[in-house]
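As structure tokens, one chain now follows by itself in the form predicted alone.
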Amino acid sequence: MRELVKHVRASLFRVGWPKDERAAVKAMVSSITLHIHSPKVRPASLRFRATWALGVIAVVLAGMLTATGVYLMFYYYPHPDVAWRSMKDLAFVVPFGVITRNLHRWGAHAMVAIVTLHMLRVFLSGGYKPPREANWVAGVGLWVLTLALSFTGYLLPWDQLAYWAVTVGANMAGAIPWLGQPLRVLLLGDMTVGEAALLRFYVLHCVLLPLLLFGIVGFHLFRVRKDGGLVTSEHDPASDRTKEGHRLLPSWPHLVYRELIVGLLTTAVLLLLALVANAPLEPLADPSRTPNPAKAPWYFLGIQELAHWSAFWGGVFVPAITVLGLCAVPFFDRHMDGVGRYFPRERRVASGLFLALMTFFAVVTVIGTLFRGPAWALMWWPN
């Protein structure tokens, strides 16, 4: 029996537990999962400040959302008559239903925040510079897909919060000139949020958008490796090259262990949050009872705030030009000075403009979240 176990293990793990640097490199190359890493990495890329572990946290959250989402699919019915009751069953009938839903809900919110911060980190360090232009565009696409996944999942509980948040979001999409109403009907399957919209959002959230997300994630990780790994100050022609900068370390165990620790900490923090804070569930959706004010999900409240001033310019033009501008940045800003360093003197204009843009959206989001009351009136005290 022992020989059989040994034979099966040898058929799966060709190298075994690496005991020296040569074996570590061989283990990285021969593993289907570890092969996404380069066999060796620069010491500078292992420093926590180099990445703040945001990319690893995003991948861990994506995996956790996938696992919890599959579990929730076994107990959810995408129909207005039973969708809300499915949420109640998760709370009182389904084993581990409450904690699974909490993990999924808070993980989705955390995913939006972490992916946004990851984009901020990459931009400020010059990670969009040549030859990483395509990977930056893929990252912008992942950010948009993350928002879309969170938005489509928002409707599935079919409570008052979900129904009216999606109604507001659909109205904002309808403000697009010429394409608005056809896009709204394509999204909802009708002129209003109803049975067709719930089914379409369910399919988008559980099938189409995840396939797109993981496909682009695969391309993103592939390009990270092929483009030379993490951008550090060693890529800056003006930086001083030290001996440490040229010395490479095997990814096993230096990088892999760090990723495992970050993954465990992320899981522990999210699990603790899921244990102490339940995901909200308002009364069953009622199309005849409009909340005042009706608000979009928090990550779209900045756009809703802008749309309050102008449906087209604030709700359509500004978001569209922001996404297109982010995709175009690496093809215009191509000089390599200051790459791999935060807030270098050579890139202070680009960094300042990007921070100003992010700060602007953060401010209008806070205003829309905390300082808008009935009839979208401005409240001078958080409500």
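The first residue of the shown sequence is 1; numbering continues from there. Note that this is a predicted model, so its numbers are computed, not measured.
There is also a form predicted together with protoporphyrin IX containing FE (HEM); it is not shown, and the following applies to it.
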In contact with protoporphyrin IX containing FE (HEM) in the predicted complex (heavy atoms, 4.5 Å), from 297-305, 167-175, 142-150, 277-285, is stretch 142-150
Whether Ser86, Gly189 and Leu198 jointly form a contact site for protoporphyrin IX containing FE (HEM) in the predicted complex is the question; each needs a heavy atom within 4.5 Å.
no
Exactly one of Ala108, Val115, Ala162, Leu90 has a non-hydrogen atom within 4.5 Å of protoporphyrin IX containing FE (HEM) in the predicted complex; which residue is it?
Val115
Using a 4.5 Å heavy atom cut-off, which residue among Arg121, His79, Arg289, Lys226 comes into contact with protoporphyrin IX containing FE (HEM) in the predicted complex?
Arg121
Using 4.5 Å between non-hydrogen atoms, is His220 touching protoporphyrin IX containing FE (HEM) in the predicted complex?
yes
With the cut-off set at 4.5 Å between non-hydrogen atoms, does Leu209 touch protoporphyrin IX containing FE (HEM) in the predicted complex?
no
Touches protoporphyrin IX containing FE (HEM) in the predicted complex: Asn135 (any heavy atom, 4.5 Å):
yes
Wondering, does Val41 line up within 4.5 Å of protoporphyrin IX containing FE (HEM) in the predicted complex on heavy atoms?
no
